[in-house]
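Quick heads-up: it's one chain on its own, the form predicted alone, in C-alpha cells.
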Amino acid sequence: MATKKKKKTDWSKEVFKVLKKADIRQIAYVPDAGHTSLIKMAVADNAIKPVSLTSEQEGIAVLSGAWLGGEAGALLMQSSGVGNVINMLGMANECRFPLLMLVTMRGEWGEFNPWQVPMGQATETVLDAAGVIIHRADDPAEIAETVEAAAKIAFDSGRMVAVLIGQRVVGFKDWTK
C-alpha cells in the first residue's frame, strides 16, 4: 500500500497569530508531531513562555497557576493525552479557570496504531462528560477561526474549551515503509 500521508498545511501559523492576538503568554505542551510547528513558534517567541510537560495533567495545573498570576495560556496535546487530564478538569471546572486546549486527534482516519483508537474514539465524549465545550476543526482553513472562537469563550467566560483538530488535517503516519 502506498503512503497516503496528507500534505501538511500551514494552519499552525494562522493559529499562532490567533494565540498572540488572544494575549496567550504560556503554552504548555507534551511534545507531539501534530503541534511541532506551534511548539517551535512558541519557543522562538520571547513574549510566550513554552512549558514542556511530562504529562498532560500538569498542563492544567500550570495554566491555572498562570491565570492566577494574570497570564492566559493554552494546552497543546494529542487525543491520547485526554485520558490523563480527567481529574484535573474537575479542578479547572470547579474553580472556573479558563482552559484552552488544542487537541490533535489520533485513532481516527487512517490510524495505524491500534493503541490510539480507543482514546481517539472516546475523546469528544470524555471531554463533554467532564464539562468541556468542544469545537471541532476538520478543515485546515477553519482551524484558526475555530481557535479564535474557543479562546473567546474560554477567557471571556471562564470555561474549559477544547478544539479537536481532526486527524485528516494532521495526516496519518505510515511507519511500515
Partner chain sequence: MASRRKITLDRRKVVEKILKDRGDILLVTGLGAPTWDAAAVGDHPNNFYLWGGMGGAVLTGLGLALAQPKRRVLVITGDGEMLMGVGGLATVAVQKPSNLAICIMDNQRYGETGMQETHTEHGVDLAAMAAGAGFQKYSTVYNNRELAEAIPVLYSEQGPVFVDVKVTDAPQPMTLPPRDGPMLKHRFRENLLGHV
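Residue numbers count along the first chain shown, from 1. Keep in mind the model is a prediction, meaning the values are calculated, not measured.
The discussion below concerns the form predicted together with the partner chain, not included here.
J.: So the partner chain isn't shown here. In the model of the complex, which residue out of 150, 41, 53, 143 has a non-hydrogen atom within 4.5 Å of it?
T.: Residue within 4.5 Å of the partner: 53.
J.: I'd like to check something about residue 49: if you look in the model of the complex, is any of its heavy atoms closer than or equal to 4.5 Å to a heavy atom of the partner chain?
T.: Contact check for residue 49: yes, within 4.5 Å of the partner chain in the model of the complex.
J.: Would residue 58 count as a contact of the partner chain in the model of the complex, using a 4.5 angstroms cut-off between non-hydrogen atoms?
T.: Residue 58: contacts the partner chain in the model of the complex.
J.: Hey, in the model of the complex, does residue 110 get a heavy atom within 4.5 angstroms of the partner chain?
T.: The answer is no: residue 110 has no heavy atom within 4.5 Å of the partner chain.
J.: Even though the partner isn't displayed, in the model of the complex is residue 137 close enough to the partner chain, meaning a heavy atom within 4.5 Å?
T.: Residue 137: no, not in contact with the partner chain in the model of the complex.
J.: Who in 78 to 107 is close to the partner chain in the model of the complex, meaning a heavy atom within 4.5 Å?
T.: Those in contact are 88, 91, 94, 95, 96, 97.
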